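Only one chain is shown below, in C-alpha cells, and it's the form predicted on its own.
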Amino acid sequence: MIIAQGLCKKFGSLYALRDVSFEIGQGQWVALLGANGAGKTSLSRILAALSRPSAGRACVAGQWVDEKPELVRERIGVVSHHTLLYEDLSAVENLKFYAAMYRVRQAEERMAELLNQVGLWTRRRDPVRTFSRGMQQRLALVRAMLHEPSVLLLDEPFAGLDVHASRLLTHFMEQALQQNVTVFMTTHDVEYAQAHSQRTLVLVQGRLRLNEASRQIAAGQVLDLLRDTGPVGTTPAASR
C-alpha cells in the first residue's frame, strides 16, 4: 500500500531525506522513528501528497503521488499533532463539513458509529473549543477515518495525550487494522512502537537505517540508532 523509491528531499543545500526506499503491505501497522530533524515529517508530507520530493517517487494506496496527488488524498486519512479542527464548530459540524468534501455516503450513520467508538457521541453537539486535547485528537482521528481510507498517516498522534486518551486511540487504530487499513505512524516513543507496530523504520539524519519486523528487533537496537543524531546532512561534496 506504500512504496517509496529513492526519496530525497532538499531544502537549499540541506538534505531532509536521502535515498529512502521501502515497501509496506496492506493492513500493516508501521512505526517510523527518528530524532527531531531526522526527516520524519518530510517523509510523511511526501506520502500525504502535501510535498514533492526532490528526487525519487512514492506510491500510496495504489496511486503514484506525482501522477495523481488528488487521488492519493482521497484514499488516505491524515492525523498530526495539530488537529486542524474548527474550534467554534461542534464535533458533528466539523464532521459534516468533511463528509461533504469527500462525498461520504450514509454520513450520519458513519459519524454515529465512529463517535461512539471513541467515546464522543454524548459531546457531539458541543463546540470543539470545549474539548480537552485528547478529545480533539480523537475527533481528528474520526475525521480521518470518516471516508474509509485505505491508508492512515499519523504524525506524532499521541503528543500531549494522557494514558486514557492514548489507549482509546490505540484501540481505534487496532479496529482500523481489522478492516485492512494500513497505518503509518511517526513517533518518538520507542517502547510503544515496538509493542504495537508490526514493522519499525528508523531514520537517522535523513537516511533509512532500519527496516525490520518489530518482533525481530533486539532490545536497545533502536535506541542505539537514535543516539546517532546530529544536523541534517549538507550536500555531499562529490555531488555538488
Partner chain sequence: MNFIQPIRSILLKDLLLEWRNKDILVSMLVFSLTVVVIFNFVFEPGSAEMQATVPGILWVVFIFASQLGLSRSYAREQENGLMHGLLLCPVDRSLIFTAKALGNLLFILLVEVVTLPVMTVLFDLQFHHQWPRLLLVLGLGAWGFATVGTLFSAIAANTRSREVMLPILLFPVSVPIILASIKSTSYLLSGRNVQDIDPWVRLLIAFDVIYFVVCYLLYEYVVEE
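Please read these numbers as outputs of a predicted model, since none were measured by experiment. Numbering follows the first chain given and starts at 1.
Below: the form predicted in complex with the partner chain, not depicted.
Three-residue candidate spot 87, 93 and 97; every residue lies within 4.5 angstroms of the partner chain in the predicted bound form by at least one non-hydrogen atom. In the predicted bound form, no heavy atom of residue 204 sits within 4.5 Å of the partner chain. The partner chain is not drawn, but in the predicted bound form it has no heavy atom within 4.5 Å of residue 164. The partner chain is not shown here, but in the predicted bound form it comes within 4.5 Å of a heavy atom of residue 70.
Although the partner is absent here, residue 51 is a contact residue: one of its heavy atoms lies within 4.5 angstroms of the partner chain in the predicted bound form.
The stretch in contact with the partner chain in the predicted bound form, judged by heavy atoms within 4.5 Å, is 51-59, chosen from 51-59, 26-34, 190-198, 206-214.
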